[in-house]
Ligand SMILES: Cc1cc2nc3c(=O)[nH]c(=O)nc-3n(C[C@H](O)[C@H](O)[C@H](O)COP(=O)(O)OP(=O)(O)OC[C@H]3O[C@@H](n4cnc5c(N)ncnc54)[C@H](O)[C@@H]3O)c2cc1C
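A single chain, nothing else alongside it, follows as structure tokens in the form predicted alone.
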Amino acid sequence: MSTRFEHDDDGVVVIIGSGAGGGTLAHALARKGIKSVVLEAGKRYALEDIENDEWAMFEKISWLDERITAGPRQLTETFPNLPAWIVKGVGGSTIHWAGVALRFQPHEFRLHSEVGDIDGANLLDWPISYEELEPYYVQAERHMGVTGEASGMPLHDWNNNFMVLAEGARRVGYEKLRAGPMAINTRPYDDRPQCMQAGFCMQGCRFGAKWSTMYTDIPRAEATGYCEVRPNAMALTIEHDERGRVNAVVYADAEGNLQRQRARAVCVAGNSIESPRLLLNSHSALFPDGLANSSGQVGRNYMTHATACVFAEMPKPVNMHRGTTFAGIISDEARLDRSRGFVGGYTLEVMSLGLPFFAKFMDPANGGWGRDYAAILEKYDHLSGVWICGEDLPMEQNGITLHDSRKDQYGLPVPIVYKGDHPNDGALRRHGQQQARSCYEAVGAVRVFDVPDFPTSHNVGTNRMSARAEDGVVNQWGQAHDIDNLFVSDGSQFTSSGAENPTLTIVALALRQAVHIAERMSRGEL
């Protein structure tokens, strides 16, 4: 029988969300003997629920509550109610993520110091350094089973898709070519099997070879007796006492009934849309602009990475769908080099899309009509693809706001997700597209074409870390500047996006935050 805590137990830490941040944090606290209640808006899945079917799994696990896409970008027209592709379920977006596990580079923690002010950007250094986070990167890599030195597992073998791109990359002079690191087992590790190379990583790994809190941290946290996970529990507001310290979370249960869980501390880990939305919805007489928002920065500085997709038709079959979805990474362009005409860097990550997804994302505006469209689909087995993942500069106007009149099924204002490009993003994206094109042309591509933007899974920055309270929402521990027992534990605390996929950094920060919370509790400060 799972542990159950009473609703009036004010000794528990309430964690909102069960993904890379919340699930990791719950497990880390449980191992330290600290009680927590995890509120997860979605249902609980088992490995048996995972299907190797792109659209079936999209419908099953995606967060499809109403949201409004806004801003001067193509996504506003093609996906007006799906600004981001994230998961609603126990395990969060670690069910859906592709497993790429890259560390930030040292200079990315101090980008403002490196490049200075940039017009239109709201740049800020992180209040922590790479050197401070590095021990937790090592812990995270061992914890997640990241291929490479920390886990001792070898990197993945190169699949055909990566072989094609990598050969072109070599011919244009690139040298940093790796099939990883990834948190996908290349041999049995941590009671999980090795990868079967099925190619449905973003639909959930039905074998459990890819790390996900769904079947690692969450059940292990529960097994300690110090963690209770409540699925289908949508957090609505965070309450506080007369001193301004948070003391409860109000949520809707599976039947739609309102419940109130008392709390010793609250950790918000609902992804970079729902986390600021919750803080804004928790306004009160003491906090009229929302919790932790004295700076006015809650919901601002939304970043998704500067991204683009480039595909090429090759003379012979590639069968890109065989193997992991993101089977290899080229990191030569991840450096900081302003001579290219932009700040920040980017990675070239070979990617595959199954035929159902590819057919949709290749032409979302026109519904897939025309000779060119049909001709490309006829050559699906000849295609190779690459995803550009680059530094996305924070802009104060990019962010999450609440709609004035439209309400969701819980009676809460629907979130508006506004995102526009900084000129730097456009320059970086064009450079990446041209370099990807050069790689494919170097190996004789029949044709090279861009695929329009699709809903992002990298959502960071809307409750950012800052050294000074007036510049952000939380401090170097993810603790709110305004409220000492309120924490942010997901990617929304990122000060900048870096050029790397965010999950490894989210996990490292959660492990570090757990140590801080435990130390403060031992001193009687929480």
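Numbering starts at 1 and runs along the sequence shown. Remember, predicted model here, so these are calculated numbers, not experimental data.
The discussion below concerns the form predicted in complex with this ligand, not included here.
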**Study point:** is_contact(residue 458, this ligand) in the predicted bound form, heavy atom dist at most 4.5 Å
**Key:** yes
Check your understanding: Is residue 30 a contact residue for this ligand in the predicted bound form, using a 4.5 Å heavy atom cut-off?
Key -> no
Check your understanding: With a 4.5 Å heavy atom cut-off, would you call residue 89 a contact of this ligand in the predicted bound form?
Key -> yes
Practice item. With heavy atoms only and a cut-off of 4.5 Å, decide whether residue 472 touches this ligand in the predicted bound form. Key: no
Review point. Taking 267, 276 and 302 together, does each of them reach this ligand in the predicted bound form with some heavy atom inside 4.5 Å?
Key: no
Study note, to complete from the structure: Picking from 96, 143, 382, 103, the single residue whose non-hydrogen atoms come within 4.5 angstroms of this ligand in the predicted bound form is 96
Revision key, fill the gap. Answer key: of 476, 485, 501, 69, within 4.5 Å of this ligand in the predicted bound form (heavy atoms) is 501
Exercise for review: From the candidate stretches 392 to 400, 130 to 138, 288 to 296, 78 to 86, select the single one in contact with this ligand in the predicted bound form, where contact means a heavy atom within 4.5 Å.
Suggested key: 78 to 86
Point to revise | Those residues of 28 to 58 which, in the predicted bound form, come within 4.5 Å of this ligand by heavy atom | key: 39, 40, 41, 42
